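The chain below stands alone, shown as C-alpha cells; this is the form predicted on its own.
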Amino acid sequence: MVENEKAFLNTQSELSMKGAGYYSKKTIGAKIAIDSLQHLIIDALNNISKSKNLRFADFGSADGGTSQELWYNVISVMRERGDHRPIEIIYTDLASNDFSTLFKTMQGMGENVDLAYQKEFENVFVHGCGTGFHDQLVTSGTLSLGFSATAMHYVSEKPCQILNHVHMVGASNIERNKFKKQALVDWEAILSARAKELEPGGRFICINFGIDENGRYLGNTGDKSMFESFNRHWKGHLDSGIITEEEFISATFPQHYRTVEEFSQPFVGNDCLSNKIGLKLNRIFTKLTKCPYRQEYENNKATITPEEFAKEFIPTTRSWSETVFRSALKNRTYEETNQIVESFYKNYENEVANSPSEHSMDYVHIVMEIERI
C-alpha cells in the first residue's frame, strides 16, 4: 500500500458522521438546504438522456436521512409524469459509514416511514457503495444523475496538521495553502471520476460547503464563529492539562472550504481540465441557509430558555464534528475519551447558553450543476 493510501485510511474515522440516525436527526439545516434545491434535480431530469434505465448516485450520503425526502419527491414527480423507467439509486460513503441505518431507513424501518420511496414506488432499486467519492464508483457511461450535499469539502488526506487551530479557516497562510493545494487535487479527482461515470448529457449536481463572496462560511456569518468556539474550548482543555499538545494538534479537521473561484478553476481556459474530460459547468452560485435552531429560538424566546436553545443547538454541531475530537484522543481509554469529549461540548453549550443570540450554524453552500458533454 502506498503512503497516500495509508494516510487516507487513517482519516476514515475522522470522516464518518455520528451513526444510529443521529446525523440526520440533528442536521435539520442540511435537509432544508437540500430540499430547497429540488428544482435543480427536476430541471436536470428534463435534459438527461431517454435511456431505458436510470441510475442515480448520492455521493457522501451519510445515513441517507437528509436527502430522503428529496429523492422521494423526485421519483414522485417522475411517476406522475408517466415516466416509469427502472431507477437505481446508489448511496455512497466510506466503509465506516452507518449503512445499516441507511438501509433500514430506505426500507421504511426508520421514523419517516412515509418517505420510504423504495416501498412506495415500483421499479426503484437501492444499493450502497462503501468507497469514497474521490474514486470512480460505477461503470463508465452509466450514471444518469449524480448528487452530493455537504460532503465534498472533505479532503482525501490531511496535507498537514494545523498547529494553532482545529480548522483551515483559522490556519496559518502556509498551512492554509497546503489545504488549498490538496483540495484542488481532490476536486480534479472528483470531477475526473464523475466524467467517467456520467453518460453523455448526464448531470452532476452538488452543494458543497464553501466560502462565499462575503467571506462567510459554515457557522461564521456575522455572530460568533463556530470554529473559533471549537478552537477556544479545545485549547482550554490543553491549557487546563486535560489534553496534551499532540492531542490538540491532532484535532485537525480534514476539510477545506473552497471559494467559487477554486471550484471554477478546472473549468477556466481553453486548456482546462473540464475540456479534456468532457465536462461543462452550467451554473454555479452561493446559497445561505439560516440556522433553524437559532431561528426557532429567536421566534419563541417567550417559551424557549437560553439553556434549552443551547441543548438543541450543540447536537447539530456535534453530529459531524465529534469523531474528529474523539480520533485525536488515540491513546485514551473509552471512559477517558467520553469524559473529555463530553466536557468539551458542555463548555461550548454553556457558552451558547450565556449568549444565545450570538451563536448559530448558518449553512453557506456553493451550488453547481455540471454536465457531461
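Small disclaimer: the values here were computed from a predicted structure and weren't measured. In this text, residue numbers run from 1 along the sequence as written.
One more form of this protein exists, namely the form predicted together with another copy of the chain; it is left out here, but the text below deals with it.
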Original post:
Can you check whether Glu199 is within 4.5 Å of another copy of the chain in the model of the complex, heavy atom basis?
Top reply: no
Original post:
Does another copy of the chain come within 4.5 Å of any heavy atom of Asn97 in the model of the complex?
Top reply: yes
**OP:** Check whether Gly215 has any heavy atom within 4.5 Å of a heavy atom of another copy of the chain in the model of the complex, and answer yes or no.
**Re:** no
**OP:** Consider Phe285 of the chain shown here, and say whether it contacts another copy of the chain in the model of the complex, taking contact as heavy atoms within 4.5 Å.
**Re:** no
Original post:
So, Arg55, Ile90 and Thr139: all three within 4.5 Å of another copy of the chain in the model of the complex by heavy atoms, or not?
Top reply: yes
Subject >> Contact assignment for another copy of the chain in the model of the complex, among Asn164, Asn299, Gln107, Gln161, heavy atom within 4.5 Å >> reply: Gln107
**OP:** Only one of Gly278, Gly222, Gly269, Gly130 comes within 4.5 Å of another copy of the chain in the model of the complex by heavy atoms, so just point that one out.
**Re:** Gly130
**OP:** Go through 179 to 187, 119 to 127, 270 to 278, 240 to 248 and give me the stretch that gets within 4.5 Å of another copy of the chain in the model of the complex, heavy atoms only.
**Re:** 119 to 127
**OP:** May I ask you to list the residues of 248 to 267 that have any heavy atom within 4.5 angstroms of another copy of the chain in the model of the complex, in sequence order?
**Re:** none
